[in-house]
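Presented as structure tokens, the chain that follows is alone, the form predicted alone.
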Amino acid sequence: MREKFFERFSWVSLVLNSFRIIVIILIVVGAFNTLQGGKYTTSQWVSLSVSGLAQGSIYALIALGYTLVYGILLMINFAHGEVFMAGAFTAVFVAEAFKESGFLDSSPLLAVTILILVAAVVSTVVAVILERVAYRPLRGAPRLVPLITAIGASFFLQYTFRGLYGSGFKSYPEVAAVQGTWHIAGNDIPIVQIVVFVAAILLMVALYWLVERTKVGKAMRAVSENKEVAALMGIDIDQIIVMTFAIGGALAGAAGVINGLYRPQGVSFTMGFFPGIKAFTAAVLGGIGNIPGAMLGGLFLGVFESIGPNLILEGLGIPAANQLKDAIAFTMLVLVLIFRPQGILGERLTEKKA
């Protein structure tokens, strides 16, 4: 009996389970202390939640690019943050021209739509070239090779756009139509947050419809399930992979402009790094390769990043908790990998896929 107990006993499981218990206790204690203290009103919690949803919807749009590529090729495109940067950085010059001409204020809806299209086209072109030059020649290589290539491509794109647009910081001009607040259910909600959230949701719904209801979407799902069988059924694998990169790139470009409406400052050649890492965290959180999971993961991460420092860290007595929101995102990635590696909506991969 004793020998069987030691055979089943695992120090790794003991450490992980102990860590899980400690994390849960810290979260409960921190949240309890904060709520009991009554420092924040209901209106402030609502404001933080809406702000988190707006930011999370941007993460979700970028995360969809990660999850689409992983679903098809089972690889992580770590250059996707720079695809996001390419569209956002290019569109800021168009936005400045629209502001100077008065077009941005006289026809804000049309102007922002054009900005989204410009950014989407630029990011799509960058994503397609990236697939053709960097990834397609390595399609049959070991998994680590395209991963290293993606990191190299990320730095290449950063410094290419630094050479094209300079190393200085730019900012999107403010759109007068989305300034101010709306009074909803007793709370003043910034209009820009509502616009950002609604625009991102519409794009995510459009993608879900494309994947689930169209012939292209069916082909993408078939290639994701089994490339060899899909090829035997007459599906052009290369074409579907290119379309996957193009769709992911277009969504990332649109996210760049939407992010510019929400947070105008800080547009530069390095702007894709943190949003890219956080979007990857969102994709893993929701279940990498799962489209609804990426959407849910992005929204959850945005809300947790917005509320977490105030709700948990302040309750634990950690000073300057609001400055640790980036740490919250990366801690979330570690916790997801420990508690539920397959993500919220993900499935445990078979040995063949893993």
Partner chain sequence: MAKTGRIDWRQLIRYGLLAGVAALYVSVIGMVEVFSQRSLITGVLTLGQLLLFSAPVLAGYLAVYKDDESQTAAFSLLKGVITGLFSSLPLIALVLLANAVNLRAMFVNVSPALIDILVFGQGTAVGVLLLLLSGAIWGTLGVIIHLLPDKTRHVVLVGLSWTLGAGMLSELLIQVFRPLFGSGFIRFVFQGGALKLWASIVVFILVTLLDWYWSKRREEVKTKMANLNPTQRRAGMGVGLLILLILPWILGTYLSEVLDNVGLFILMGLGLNIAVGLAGLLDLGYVATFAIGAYVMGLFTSTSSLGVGELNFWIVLPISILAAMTAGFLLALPVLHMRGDYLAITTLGFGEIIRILALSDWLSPIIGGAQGILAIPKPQIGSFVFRGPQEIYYLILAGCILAIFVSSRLNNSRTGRQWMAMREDEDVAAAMGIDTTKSKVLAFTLSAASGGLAGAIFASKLGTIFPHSFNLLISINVLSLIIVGGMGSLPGVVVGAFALVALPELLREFAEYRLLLYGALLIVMMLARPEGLWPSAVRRRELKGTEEEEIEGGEGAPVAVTAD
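Positions refer to the first chain, counted from 1. What you are looking at is a predicted structure, and each value in this text was computed from that prediction instead of being measured.
Absent from the display: the form predicted together with the partner chain. The rest refers to it.
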Using the partner position in the predicted bound form, report whether Val145 sits within 4.5 Å of the partner chain, counting heavy atoms only.
yes
In the predicted bound form, Leu296 touching the partner chain (heavy atom, 4.5 Å)
no
Any non-hydrogen atom of Gly166 within 4.5 angstroms of the partner chain in the predicted bound form:
yes
With the cut-off set at 4.5 Å between non-hydrogen atoms, does Leu311 touch the partner chain in the predicted bound form?
no
I have Ile288, Gln323 and Leu337 flagged as a candidate spot, so tell me whether each of them has a non-hydrogen atom within 4.5 Å of the partner chain in the predicted bound form.
yes
Which of Thr244, Ser268, Thr90, Gln193 has a heavy atom within 4.5 Å of the partner chain in the predicted bound form?
Thr90
Considering the partner chain in the predicted bound form, find the one stretch among 201-209, 105-113, 130-138, 174-182 with heavy atoms no farther than 4.5 Å from it.
130-138
What residues in 147-174 sit within 4.5 Å of the partner chain in the predicted bound form, counting heavy atoms only?
Leu147, Ile148, Thr149, Ile151, Gly152, Ala153, Phe155, Phe156, Tyr159, Thr160, Arg162, Gly163, Leu164, Tyr165, Gly166
